Structure formats: C-alpha cells, structure tokens
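One chain is shown next in structure tokens, namely the form predicted on its own.
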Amino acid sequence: MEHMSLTERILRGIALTLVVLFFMFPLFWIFLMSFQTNETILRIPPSLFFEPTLINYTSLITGELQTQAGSLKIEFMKNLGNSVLLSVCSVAVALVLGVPAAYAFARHKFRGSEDIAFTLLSFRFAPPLLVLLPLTIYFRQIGLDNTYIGLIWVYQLICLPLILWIVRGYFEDISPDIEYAYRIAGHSWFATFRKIALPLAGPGIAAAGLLAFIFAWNNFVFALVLASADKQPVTVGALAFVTASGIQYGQIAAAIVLSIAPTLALALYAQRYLVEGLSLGAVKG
C-alpha cells in the first residue's frame, strides 16, 4: 500500500506539472517575446536562445514606437493609467452600492426582491453590443460621452451585478442570530451591519472586489465605443501596435506583460482572501 501511495503521489505530481506547464507556457513565451525584436520573433525555426533587449519596454515607456516606416507616437502609459483609474473607481463605486444592497437582499425578503436581484444579474448576461447604441445616444444628450465619469457609470454593468450576487451569498451564509443578539443589546441596524456583518463577510467582499476588478480591467467594447484615445484603457490602446507597416509583436508582448502585471500582483497579494472568500461562499449550512 505504501508503494502504491508513493506511486500515486508521483503520478499526481507529474500530472500537475504537465497541467501547469500547459497553461503557463503561453505566458512564458510572451514574456520571452517581450525581450526580442520582430526579426528574432519571426525567425524560423523559433529558438529559446536569443540576445535580450529592452527596446520594447523603452518604446512603451517613452511613447516612441519604432516601426519600419519610422517612429510612431503611442500613449500606452496613459492607457495603462486609464485602466487603473477606471477599474479602481468602478470597483469602489460598485462596492459602496453593491455591498449594502447585497445585505438587504440577503436579510430582508420583500415582494419582488428576487425579481429585482435577477434583473440586476441579467445585466451581466446581456451582450455589450445590445446596450451600446442607446447608451451612446443617451450619453451624448447628457454630456457623459468621452468622460471618465461616463465610463465608470457604464462599468457598473460589469461590476455591480457581480458584487451584488457574490456578496449576497456570503451574507446568507452568516447566521442571522449573531446579528439579532447584537441588535437586542441596543445597537442600531447600521452599527450591526458595520461591526458584525461586514467583518464576517470581509473575505467574500474582498474576493468579489478582486473578481470585479479583473472583469473591469479586461473590458474592451465599452471603452472602444464610448471613449476617445486619451481616455481609453490599455485593452483598447493595444490596437496602436497594429500599424500599416506591420504588427509589432515585441511591443505587443511587452504591453501584455505590463498590462497583466497589476492584476497579477493584486491577485497574488489577495489570494488568501480570494481562497477564503470563495470557500466561504461554497459552504452551506
């Protein structure tokens, strides 16, 4: 039995290693591409051995994209800053609005509550193209087109339903008896929500906020249609690397590395809350 157990562990280790290599190899290859020129990337056959260069990162930081047709101005760092601003503000607004709403849906059952909650969730199901045309018209009429506030508002279609439904499940997993006991002691509803419900659901709220941030960061269609070049996030700004003189693969790879770095760093920092929050949401009494 001991021999079989050791063999099973070895086989599982090999299988896990193969799975990790399968999913991580594209990222590893993109990381290598970011240190190569177009000539090195396009050579046949490809090779893992090359002379690394920082020209791709230098081009992104300085805003000077070198192509065969000459120098081209790009605003990648501006786009990167736009992504940070839009994602952080969108998630912050969604948390302020969604967490109390999730608590209300979890604790106070009223007529039509499930219909309202499902209507909010349906915003996540609807394809973006379904709402883009009316949004574009309305935004032009009220002066929100091509503004950060308008984009943050539109991003609530991404963040708010996600946070509302995920956090609602965490609040439902918390026994209401704890809150009742605190209320009987003479504390208000808001004090109970702030001092009891929020700390207990903290890991779940952190997990929902992280997932909403990733979805907001990766959004492409809304910013493409509703914003001009100076307010577009990095997902749209990456289109600048497809030029008339060719596709700048090295700069694209460097842009991918820089664009996924914030979300990767945030996920690594908050992985404890993410795992704990998802585990909390999966446990039913």
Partner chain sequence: MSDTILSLSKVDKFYGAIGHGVHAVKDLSMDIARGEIVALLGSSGCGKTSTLRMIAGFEEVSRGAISLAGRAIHQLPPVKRNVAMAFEGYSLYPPLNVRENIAFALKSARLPQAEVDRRVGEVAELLEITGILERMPNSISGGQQQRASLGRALIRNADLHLLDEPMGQLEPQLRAVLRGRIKHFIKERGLTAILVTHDQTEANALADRIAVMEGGVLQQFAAPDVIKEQPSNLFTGTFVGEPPMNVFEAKLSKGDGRIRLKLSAGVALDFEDSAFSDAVRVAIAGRDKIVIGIRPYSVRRAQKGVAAKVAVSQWLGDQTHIAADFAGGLIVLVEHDRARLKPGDPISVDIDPSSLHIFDASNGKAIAHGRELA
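Quick caveat, the model's predicted, so the values are computed rather than measured. Positions refer to the first chain, counted from 1.
The following text describes the form predicted in complex with the partner chain, which does not appear among the structures shown.
Residue Ser175 is the only one of Thr119, Thr147, Ser175, Ser113 with a heavy atom lying within 4.5 Å of the partner chain in the model of the complex. The contact with the partner chain in the model of the complex, taken as any heavy atom within 4.5 Å, belongs to Tyr182 out of Phe193, Tyr182, Phe139, Trp165.
None of 211-219, 196-204, 151-159, 77-85 except one has non-hydrogen atoms within 4.5 angstroms of the partner chain in the model of the complex; the exception is 196-204. In the model of the complex, the partner chain lies farther than 4.5 Å from every heavy atom of Pro127.
Heavy atoms of Arg107 never reach within 4.5 Å of the partner chain in the model of the complex, leaving it off the interface.
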